[in-house]
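Just one chain follows, in the form predicted alone, and it is written as structure tokens.
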Amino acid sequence: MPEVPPPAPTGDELLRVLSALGNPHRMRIVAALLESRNYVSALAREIGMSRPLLHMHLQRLEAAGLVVGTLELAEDGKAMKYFDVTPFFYELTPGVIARAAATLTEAEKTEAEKEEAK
């Protein structure tokens, strides 16, 4: 049976994903999590980034649906948040972008225009 292609992303979804991946730190985080799931402190040490900055990047990736965090209890009873990469696949062609652009909401258009002005 042939594999069904994933549905085309909406404009809002595509902007969130591209914006999240448009930062080299976040690309490195996705690459590190692809190797193995990890918790914030260990991932911060592995990448060489402060925990608060890493947490901010992880929030952005999680909001875009690229990573997922789960709270787990360690043996000592301490709560630790582990992050995993969420399987994703985006095909980026002029046609996909045109279809996505037609579905942009006004809020996302405004955010995109703000980013463009920077």
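For every residue, the number given is its place in the sequence shown, counted from 1. Quick caveat, the model's predicted, so the values are computed rather than measured.
We do not show the form predicted in complex with the DNA, though everything after this point is about it.
Residue-level contacts in the predicted bound form: of Q59, T86, T93, S36, one residue has a heavy atom within 4.5 Å of the DNA, and it is Q59. In the predicted bound form, T105 stays away from the DNA, with no heavy atom inside 4.5 Å. When contacts are judged by a 4.5 Å heavy atom cut-off, R28 does not count as touching the DNA in the predicted bound form. Proximity of G65 to the DNA in the predicted bound form: non-hydrogen atoms within 4.5 Å are absent; the residue sits far from the partner. V40 belongs to the set of residues with a heavy atom inside 4.5 Å of the DNA in the predicted bound form.
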